[in-house]
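Taking the form predicted alone, here's one chain by itself in C-alpha cells.
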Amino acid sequence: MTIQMKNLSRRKVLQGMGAVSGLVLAAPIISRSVIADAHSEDTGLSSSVYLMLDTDGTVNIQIHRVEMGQGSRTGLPQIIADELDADWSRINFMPAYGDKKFGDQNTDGSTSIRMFFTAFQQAGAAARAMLVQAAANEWGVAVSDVDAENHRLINKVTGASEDFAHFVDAASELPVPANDTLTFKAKNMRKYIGKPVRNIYMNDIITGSSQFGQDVMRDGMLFAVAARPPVAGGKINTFDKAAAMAVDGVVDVVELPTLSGGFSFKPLGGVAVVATNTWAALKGREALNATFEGGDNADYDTTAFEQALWQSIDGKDNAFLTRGNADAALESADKTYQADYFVPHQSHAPMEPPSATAEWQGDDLQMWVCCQDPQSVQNTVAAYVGKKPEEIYVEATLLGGAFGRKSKPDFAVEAALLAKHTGKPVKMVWMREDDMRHGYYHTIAAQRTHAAVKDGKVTAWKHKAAYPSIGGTFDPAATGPGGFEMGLGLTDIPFEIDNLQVNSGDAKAHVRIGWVRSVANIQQAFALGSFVDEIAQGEGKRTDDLWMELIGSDRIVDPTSEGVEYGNYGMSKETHPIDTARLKAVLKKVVDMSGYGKDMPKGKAIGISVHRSFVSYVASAIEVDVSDSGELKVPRAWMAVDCGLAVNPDRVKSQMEGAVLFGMTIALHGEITAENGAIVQGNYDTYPVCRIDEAPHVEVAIMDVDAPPGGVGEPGVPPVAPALANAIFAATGKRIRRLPIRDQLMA
C-alpha cells in the first residue's frame, strides 16, 4: 500500500489549493457563506478546510491535530476515508499549520477523535453525496441508483462505473449538502473505522526520516540554549558575557525578558547563548557562570510543603459535593475506616525535550515547533513580538512524547525573540535537564478518606483533597483545587450511597503547575481505588464485589443534579453520560481476563481498580511478584477499555500499553522535589522512568459498545497505580499509601 506524504509550505498549500480546480469541502465549523464562496476565492480557502479532492481523484485531508504517537493523524483520516469510500492509497495526508479556522487544535485532553469524529464524518459523507449527485446527473438516474465504492462510482442500473476523478469538476459546482441531510455508513459497512490501520508515519519513524522538533534545519541557522532562574519567578543576577563570547562558535549572549505577573505560558527569563552549533552554545552557557535571585518561591521545600498540605486537610473545608450527612453516618457506624494518601510532583519527562525554530523574513515570522497546539504558540508568541496571532505561521512537527508539556509554548517565545534579535533563524534547544528543572509539574497532593460501614454496607464516604491548582499557573491568587480538577474523579464519584462528602483544602502553587497525562485523576483515582481495596479487605470481601456494591444499580449519574458544576471533560452529558453499567462491565471484564481472586503462590498476587475519565471507562489488573527481600516484579497487566467507538483499535491497544508503563512510572519511581525553590531532579538518573526490564506483558480488551468515541490517550493511566498498590498489599500485607513506592518494600 502506497501512502502519499507531502511536506508542503503554507504558501504552496495556498497556491496549490487555490489554483487547482477540484472539490473542496469546508470544515463543518466554517460558515456556509465561506463554503459558498469557495470557488470564487483563491486565498484563505485551504486554511478553512479539512478535505479537498484534486481533479485526478487524489484526496487531500488537512489534519489539524498534532501527532505525538497517539495516532490522531491516522484516526481522523480513517473517518473521512470511510464516509467518502476512498481508496486509502490515494490519500494525501496534509498536517495543518496553526489557524483558528480549523477549530480547536489543542491536542490535549484526549480530545482529537471524540471532538472531531462528527466533523470529519460529515466532511467525508458530504463529499460522497456530491460525487454521487454529479454521477446521477450525468447518467440520468436517481441518486439511489448510484453507489460509491473504493474511489469509484457505480451505476446500479447499467453496471457502468467511473473513478471519482471523472466527476470532481461537476461535483465542485454543486452546493454542499446540509449536515442534517447526510447519511452515514452502517457499522457493518465500514472499511476503515473500527479497523487497525497502520500509523501513517510508521515508515518514516522506522527509517529515521520523520521530522521532530530537533530535526528542523534552516539555512544559516543558529542554535541557542539558556540559563534560566532555578526558582520559578526568580531573576538573573550576574553573568559573564565576555567569558561566554570567548567560546569558539558563540555569536551572541542575550538577556531574556524577566518573568512578571502569573506564570501562564511565559518564558522564565534568564540569559541565552546563541552559537553556530549546540555544543558551542552549551559550553558558552557554562562559561556564563550565571547567578540568580530566588524571588517569592525561594523558600519552597516539598518536604515542608507536604506538612502544610496535611495542615490544610485538618483545616477549613471547601465543599464541592454534599449528599446526606456523612459526619452523622460516621458517628453511628458499626465500623469506620480512614486512610491518608500522598502523591508528589510528577514530571512529563518526554523522550524528546522541547524545541522550537523561528525564522524572520522581513516582518514575516515562521516557526516550526514540537507543540501540542500551534494556535497557542501563535497566541503566546504574538504578545512578545508585536504581531497578531494570525500573522505568525506555525507548523507543528512530530512530537517525541509530550503528555501535556508541549501544550505550554514558553520555549517557542524564546526562539522567536532570539531570531528577531539576531536576524537569523534560531533553534531554541532545551536539554533534558532544562525540561526537568524548568517545566510545568503535576501537582503535589494530599488526600484523606473516611468511610462508614453499617450492617455490612458502606453508608458514607468522605473525601478531602488539598493540592495547588493548575489555576494558580494563570492566576497567582488561586489556592486549592478548582471545580474542574475535583470533577476529575471526585465530584463525579459514581457511588450509590446515601452519604457522600467531597471537600478540599487550600494550597498555593510555588512552581508552575501543569496538566500531566490524566491530570488530577492521577492522585484521585489512586486514593479512590486504594481505599475501596482497604475497605474490602477490612470487611472480608473481594474488591470487585465491593466496587459493584458501591457503584450500585445500572443508571446514569448526573453530578449537576446535586449542585455540582461538572464539565464532563468538555462533552455534553447527553452524548457522553456517566453510565454505571459500562463502568461495571469493564471491571467484570478485567476480572475475567486476569483471573483475579484465584489462589497464587506466596509473594504473588493480582490487584484491580477501575475509573472513568475523559468520558471513557478503564479497568486495570496488575500482577506482582515480590521476593522475601522486597524486590518487586510486575510480570503481567490487563486492561479493559470502553472508549465507545474505537476508530483504530490498534492505536487504542497501544495507548493502553503505554498507559500501563506511564502509570507504573508514577507508582514506582516518579517524584519531583524542590529545595530552596529549585527542582532537585535533572535527568532519568534521578527521575527514573520504567525501563524495558520492568515492562510487563500487557493484554488489552476493547469493549464492543455502541456509543460515540471517548478519550483514549489518558484514561488508561488512573487505575494503574491503585491496582499495583492493591496487588502489593495482597502479596505482602504492606499497604502503599504514598507514591512513589521505590524502596518501601525492601526488607
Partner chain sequence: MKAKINGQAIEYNGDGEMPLLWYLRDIEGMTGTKFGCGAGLCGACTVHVDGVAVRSCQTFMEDVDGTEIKTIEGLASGETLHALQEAWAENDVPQCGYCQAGQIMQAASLLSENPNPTDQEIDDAMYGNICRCGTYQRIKAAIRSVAGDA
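Positions refer to the first chain, counted from 1. If you're wondering where the values come from, they're calculated on a predicted model, not measured in any experiment.
There is also a form predicted in complex with the partner chain; it is not shown, and the following applies to it.
Of the heavy atoms in Val689, some are within 4.5 Å of the partner chain in the predicted complex. Although the partner is absent here, Phe474 lies well away from the partner chain in the predicted complex, with no heavy atom inside 4.5 Å.
The partner chain in the predicted complex comes within 4.5 Å of a heavy atom belonging to Met68. Taking the partner from elsewhere, Asp685 is found to have a heavy atom lying within 4.5 Å of the partner chain in the predicted complex. Looking at the partner chain in the predicted complex, residues Asn237, Glu306 and Ala478 place no heavy atom within 4.5 Å of it. Contact with the partner chain in the predicted complex, defined as a heavy atom within 4.5 Å, holds for exactly one of Ala246, Ala581, Met351, Ala319, namely Met351. Taking Ile154, Val251, Ala339, Leu661 one by one, only a single residue has any non-hydrogen atom within 4.5 Å of the partner chain in the predicted complex, and it is Leu661. Listed stretches are 309 to 317, 166 to 174, 274 to 282, 482 to 490; the contact stretch with the partner chain in the predicted complex is 274 to 282, by a heavy atom cutoff of 4.5 Å.
Along 691 to 709, residues Arg691, Ile692, Asp693, Ala695, Pro696, His697, Val698 each place a heavy atom within 4.5 Å of the partner chain in the predicted complex.
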